[in-house]
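Two forms, one chain: they're shown below as structure tokens, one block per form, named structure 1 and structure 2.
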Structure 1
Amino acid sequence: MGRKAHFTNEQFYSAAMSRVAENGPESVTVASIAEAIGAPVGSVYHRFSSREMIMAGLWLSIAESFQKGFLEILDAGHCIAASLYTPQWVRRNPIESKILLLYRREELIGGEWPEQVRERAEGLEQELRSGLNSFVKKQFGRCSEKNIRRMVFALIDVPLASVRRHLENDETPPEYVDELVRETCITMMEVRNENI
């Protein structure tokens, strides 16, 4: 029987989050995480092979939580609320938002990451695709490629673009961003009855 782990992944992630909050993502090191939770550096390396693995695991945990909330709103059929989810979530979770800027899902799927990282990233991709397809079918009656592209633009691309510059400048996205995102979503939904 193996020894009981004294530290959990969540403790390591929480320590990394605290470092990001204090000095930005670049300040996160294996040594700083070990120091923050009072663990030997070897304990960190026993769980994670590198600093990058800690950050990727943290990114995936945050992305899974973010996407769960987004898909719940989408599943309920609330298009405008789904479009506003990103800017509103970013305001509530500024540190997590900075961490989400570190990677793109495609990088974790296609890069030289361990299988468990790639599998979690692929799972996120499949869940998002399934949720969008279901929403598009309910809203437009069928799941055409054009309808999907339209909703990806309105619900993902525009909201993300609306907050990215502010996050990169350590700013809170202003409230007017919501109005612009809402207007885009309404415009995209106005084609609902068109034969597309």
Structure 2
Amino acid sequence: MGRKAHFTNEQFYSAAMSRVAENGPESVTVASIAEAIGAPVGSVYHRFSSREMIMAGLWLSIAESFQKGFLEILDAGHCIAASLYTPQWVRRNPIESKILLLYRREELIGGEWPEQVRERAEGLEQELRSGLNSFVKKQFGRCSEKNIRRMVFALIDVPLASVRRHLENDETPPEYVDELVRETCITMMEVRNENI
């Protein structure tokens, strides 16, 4: 029927993504996205209902892709590999990782989360929680609150901490961070009797 689209959604996302990685989330204005791909601002609003929707879509697609890989490893029961997933993913995806791991979600998406977006985000959380639960059950026999916390720490919090410093400096995380993360993960797996 109508005329063919001149720009793809990916182009809009990609423009937003580069700008976030280069100058931080604040610098992403609707005008800057438009300019980056040579479109007028009106076109942006024709595709997306608001700036928030662009940022949310971008964030979600990166988060989904990250989490997919993580859960595959976790489901396979590879504990150490799961803890190393973050630094390795960061090396493979330097731009995406700044958006997902360096900035807070609220910096990217300030205001209202439209229903549809919230659902996708909740789906992600749900999926992660259940993946962790079954991992812990498999590894430790039973899924105590204490063991869940240990694994969140070993597989998520610590790996994130290990790369953040490097993301801030725009450098690829050096190999030694894997060693630190691995040692921590091994320690966390050594659950003593009183912990079970």
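Definition used throughout: the rigid core is the maximal C-alpha set that superposes within 1.5 Å between two forms. Here, a residue number simply tells you its place in the sequence of structure 1, counted from 1. Quantities reported herein were computed from a predicted structural model and do not represent experimental measurements.
In this pair, the copy labelled structure 2 belongs to the form predicted together with a further copy of the same chain.
Core-superposed comparison between structure 1 and structure 2: the Cα of residue 184 travels less than 2 Å. The rigid-core alignment places the CA of residue 85 less than 2 Å apart between structure 1 and structure 2. Core-superposed comparison between structure 1 and structure 2: CA of residue 118 displaced by less than 2 Å. Once the core of the two forms is superposed, the Cα of residue 108 has moved 9.2 Å between structure 1 and structure 2.
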